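Only one chain is given next, in structure tokens, and it is the form predicted on its own.
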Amino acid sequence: MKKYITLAFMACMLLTTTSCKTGNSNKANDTAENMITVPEFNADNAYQYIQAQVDFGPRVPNTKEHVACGEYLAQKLEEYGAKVTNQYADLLAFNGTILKARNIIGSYNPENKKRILLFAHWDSRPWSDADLDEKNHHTPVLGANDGASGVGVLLEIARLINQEAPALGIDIIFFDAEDYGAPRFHKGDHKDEYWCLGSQYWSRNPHVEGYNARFGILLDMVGGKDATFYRELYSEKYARSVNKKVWKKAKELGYSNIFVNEENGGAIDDHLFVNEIAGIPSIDIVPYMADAKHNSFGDFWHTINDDMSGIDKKTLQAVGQTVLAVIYNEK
């Protein structure tokens, strides 16, 4: 074998230097063209974006805290180079309350017909109705994980897209009025459509007429300590190939202990209405905590304990880097 390699090397040397160099150069160019550069997600930045939202207090529609945080989010998207569209709407809640809602959309490379949709909700729940102490049930949830974490990850992704854009156009949407569904102590009906009012509105009234995307990814509660993410039921029903793509990429990156490649239950979440109304195949990266004592979303869920103490940068890193790797490898 060594003799064969030596003879082959000598034969190459007998050829013109130009021909050998040309062959190597073409091969190098082909390799460079096929390489995909994925930015490095910064979990410290994502954490700070979450903290900034929490510092406003609960972001419940029809409050000054909600208005102030909305301005902050729109300003950050503009700062990071997005074309920002503010979609204001009066939405009817389960109890007849009119919610002054605001969907905030940041678009990158809006002329590109090939698009990916990334979304999260930015409002927080008006009631801690899952709290073990009944006295806390009418206390608004701070929503560090349930709301702010998904937005924080997407703001960091926006910052990176502004520095180096992927091949496809990206739309980042912060949906409002997701968490205004009927509380447990409500005596009337508890319907699925009471939730996710902002995404339902956008799905019927997209910011661009005839809007479509190759697929969508929802980030909901993606910063919790020891979080694990299973393939959610409705995601499997409407967008199994997207689930497969995301969980495969997570495994390649070494996050298979966080992205568990098994199916689990369904969540009434923004992706459901984006699938059913807008017809965009979308998945939900949402936790399933098998060891939780009281709720599979985590024991902090819809309680007064959903604060910054429950946020883990390792979880943020796993989710953010996985989503980046997926969108930058699309052509």
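Only a predicted model underlies this, so the values are computations on that prediction, with no experimental measurement involved. In this text, residue numbers run from 1 along the sequence as written.
Just so it is clear, the following notes concern the form predicted in complex with a small molecule, a form of the same protein that is not shown.
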Practice item. Please run the contact check for residue 221 against the small molecule in the model of the complex: heavy atoms, 4.5 angstroms, yes or no? Key: yes
Exercise for review: Would you check, heavy atoms only and a 4.5 Å threshold, whether residue 178 touches the small molecule in the model of the complex?
Suggested key: yes
Review point. Does at least one non-hydrogen atom of residue 288 fall within 4.5 angstroms of the small molecule in the model of the complex?
Key: no
Check your understanding: Is residue 146 a contact residue for the small molecule in the model of the complex, using a 4.5 Å heavy atom cut-off?
Key -> yes
**Study point:** Of 36, 268, 68, 277, the one that lies within 4.5 Å of the small molecule in the model of the complex (heavy atoms)
**Key:** 268
Practice item. Work out which of the listed stretches, 152 to 160, 110 to 118, 222 to 230, 178 to 186, brings a heavy atom within 4.5 angstroms of the small molecule in the model of the complex. Key: 178 to 186
Point to revise | Contact test, all of 41, 255 and 259, partner the small molecule in the model of the complex, heavy atom 4.5 Å | key: no
